[in-house]
Ligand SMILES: Cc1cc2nc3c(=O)[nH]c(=O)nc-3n(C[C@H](O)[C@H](O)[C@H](O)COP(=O)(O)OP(=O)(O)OC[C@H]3O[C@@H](n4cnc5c(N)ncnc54)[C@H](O)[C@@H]3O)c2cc1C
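Take a look at this single chain in structure tokens; it is the form predicted alone.
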Amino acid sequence: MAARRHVEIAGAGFAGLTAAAAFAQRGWSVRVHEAGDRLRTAGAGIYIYENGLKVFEAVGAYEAATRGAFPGRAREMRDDADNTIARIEWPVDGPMRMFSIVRQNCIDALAAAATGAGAEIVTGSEVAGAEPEGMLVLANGRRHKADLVIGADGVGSPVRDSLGLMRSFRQLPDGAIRLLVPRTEEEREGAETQNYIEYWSGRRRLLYTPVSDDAVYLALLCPVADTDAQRIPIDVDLWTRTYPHLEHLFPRIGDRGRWDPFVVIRLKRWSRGRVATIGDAAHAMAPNLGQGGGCGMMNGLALAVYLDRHDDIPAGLAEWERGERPLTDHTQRISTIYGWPGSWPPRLRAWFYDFAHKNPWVERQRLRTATHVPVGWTPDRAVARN
């Protein structure tokens, strides 16, 4: 009988927990290291499209992750005069589902799927790096040998950096403050506030996203050079002057939120020896397609599928990257392109987004990731739509 294989995972975010659940469900012993004292996530809310929902189904996290979530029906983009310049709709009976969800709910659902399958999650365990032969090194000096090590430890990944995998780390010209605010009764009942709305004003943006009956996810985006707009707590007067028609939102924010600049990370390779990288550690991207988490989860699930059928770990990692990286690279490119008009004059920006959402070829490029069927999902794992 073959010995049970073991994987050590750095990072308990979307990618790391998906991989943990997928490997444990395939009979591997799994240990996840999380530097924080508990499982938690920044960013407040997240869009999960059909591809990500299929990953939830594949690992048994769908019902818990989507319970109480807000089903997407329409998204609008509005120009500086508050005119709608683009609108995307998801028919109730259409082929592509989309939910906006409180991030913590997703993390909790994935963690439950992982531990339910036998994975161990260790909090307060800081990772310092990894060695190619399959060794995870902790900040306290402890070393854990494994058949496979996974670095799912975020943008600043010690695992990735210890292996010299970085090709490029590019900071984009903008970033966001992201947070949740209470949803009012008027917002629960109003027709307009059942939609996702992206408001523009100069180079500032505000993304309004219901994520449950009780909460709205706000993202306040601005250029990195716009230091006044990045302030925490937010400058209520500044944001009210920017969006006077949204003045009812800003007093609810208080001291919530965290400013994060956007970055794009590309690696020379996603793995070295018996060590793989996934999620933001391997392919952080602009948020314009809402697929950072989706790609991380798909790659974590696929990693378990590929390696479960390979005795040769490095060979399996090479095949996994050949199979999965092209779609992730495509997603990074299109997401970056969709952010370019942020620095354009308002009329030109409005023309671009109107054209992009009406052109069938451009729409196919934008939706290619959202409509992708992840490796590891099969129709028998589908659940009834809620």
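If you're wondering where the values come from, they're calculated on a predicted model, not measured in any experiment. Just count from 1 along the sequence shown to find any residue number.
The form predicted together with the ligand exists for this protein as well; it is not shown, and the discussion that follows is about that form.
Proximity to the ligand in the predicted complex, taken as a non-hydrogen atom within 4.5 angstroms, holds for one residue of 134, 257, 154, 72, which is 154. Proximity to the ligand in the predicted complex, taken as heavy atoms within 4.5 Å, picks out 28-36 from the listed stretches 28-36, 57-65, 351-359, 330-338. The candidate spot formed by 46, 127 and 217 is fully in contact with the ligand in the predicted complex: every one of the three has a heavy atom within 4.5 Å. Under a 4.5 angstroms non-hydrogen atom cutoff, the ligand in the predicted complex lacks residue 23 among its neighbouring residues. Within 4.5 Å of any heavy atom of the ligand in the predicted complex lies no heavy atom of residue 316. Put simply, residue 15 is close to the ligand in the predicted complex: some heavy atom of it is within 4.5 Å. Among residues of the shown chain, residue 178 is one whose heavy atoms approach the ligand to within 4.5 Å in the predicted complex.
Applying a 4.5 Å heavy atom cutoff to the ligand in the predicted complex picks out 290, 291, 292, 293, 294 from 290-307, in order along the sequence.
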